[in-house]
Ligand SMILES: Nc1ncnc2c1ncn2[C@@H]1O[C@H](COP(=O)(O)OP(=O)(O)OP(=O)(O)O)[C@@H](O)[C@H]1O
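Encoded as structure tokens, the following chain is the form predicted alone, with no partner shown.
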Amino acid sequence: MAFNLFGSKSKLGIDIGTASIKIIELEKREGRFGLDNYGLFALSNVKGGPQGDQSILKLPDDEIAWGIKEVLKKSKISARDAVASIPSFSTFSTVIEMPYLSEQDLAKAMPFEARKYVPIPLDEVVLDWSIIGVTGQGARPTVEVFLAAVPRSETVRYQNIMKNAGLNLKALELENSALTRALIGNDLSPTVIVNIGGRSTSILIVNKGYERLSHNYEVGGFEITKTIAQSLNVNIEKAEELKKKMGLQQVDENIINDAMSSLIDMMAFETKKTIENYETEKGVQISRILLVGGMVNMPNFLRYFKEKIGREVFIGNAFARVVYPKGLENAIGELASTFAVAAGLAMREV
């Protein structure tokens, strides 16, 4: 689901998250995407570093634009056409059922139907929708419609940020739509994507290529790092270093295991509960679970999460359909997890 602003092809995907700005440059070559460049601006680069509930999204627009320009400059990224993501917590989306109508009649009816679901006045949002399936048989079939709304103030804000960064914003897209494109492509099987971000974790259920359910859980990588720092009485930088080095390895010298495991257990519990509730309600069997985000690259994280869930779990590969330079083989797994949203944005045909 995307909100077209001008309608032109883009080479940059820009993911402005809570803890970092991630930018990737992709170019389509003979039907495949090629990785041209990438760069990341971390919250720690902001004067004073991350403190309390500080988030990049809470910074003034000119500071966010400055961070984007820093990435472009230091990574020597030349492209200027961009697609940017809107974080899931800033948007509203749902799947609704309506009587089967022609697309023209459906377009007329949608604003009236949307009033039942969108929690703010419709004149304050940009509304978009897509038909994702036809259900029911006989004389009264129904259509499934994916409905999304973004506050107009957010669209204006992103336009201003990109303009101040010297970029041509071609479209804004829901973060979950970008993830689905990058990780699932044309696979229609019921899939769960667990995106572990800096400040929160999103649990996304996709079926037949479209988002069916999204649940945000307010624990992310930074909360885990902070817990390690408090438990061991070390600073945030040292705690982050220990987290990346030791992860969840089952060894005697792993002093961070206890500090991490309780929060990751809760993350796994939320994921398991969300899946089971969906399967029970919809009568659908989830076929796989994909993990993305910087934390999934920690030692032993995948095995630990899989044991807690009791299902097949895989690390999502956003670069499965991307051609990349040979020198990146050893780093591509970590890059694919970290830049999953940005890659999906850059893959979008505007």
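Everything quoted here is computed from the prediction, not taken from an experiment. A residue's number is simply how far along the shown sequence it sits, counting from 1.
The same protein also exists as the form predicted in complex with this ligand; that form is not shown, yet it is the one meant from here on.
Residue contact with this ligand in the predicted complex: residue 19 places a heavy atom within 4.5 Å of it. Taking non-hydrogen atoms only, residue 81 never approaches this ligand to within 4.5 angstroms in the predicted complex. Residue contact with this ligand in the predicted complex: residue 89 places a heavy atom within 4.5 Å of it. Taking non-hydrogen atoms only, residue 175 approaches this ligand to within 4.5 angstroms in the predicted complex.
None of 309, 322, 315, 298 but one reaches within 4.5 angstroms of this ligand in the predicted complex through a heavy atom, and that residue is 298.
Listed residues 146, 222, 100, 278 were compared with this ligand in the predicted complex; 222 is the one with a heavy atom within 4.5 Å. Remark: of stretches 194-202, 265-273, 180-188, 100-108, the one touching this ligand in the predicted complex is 194-202 (heavy atom within 4.5 Å).
Residues from 233-249 that approach this ligand in the predicted complex with a non-hydrogen atom closer than or equal to 4.5 Å are 240, 243, 244, in the order they occur in the chain.
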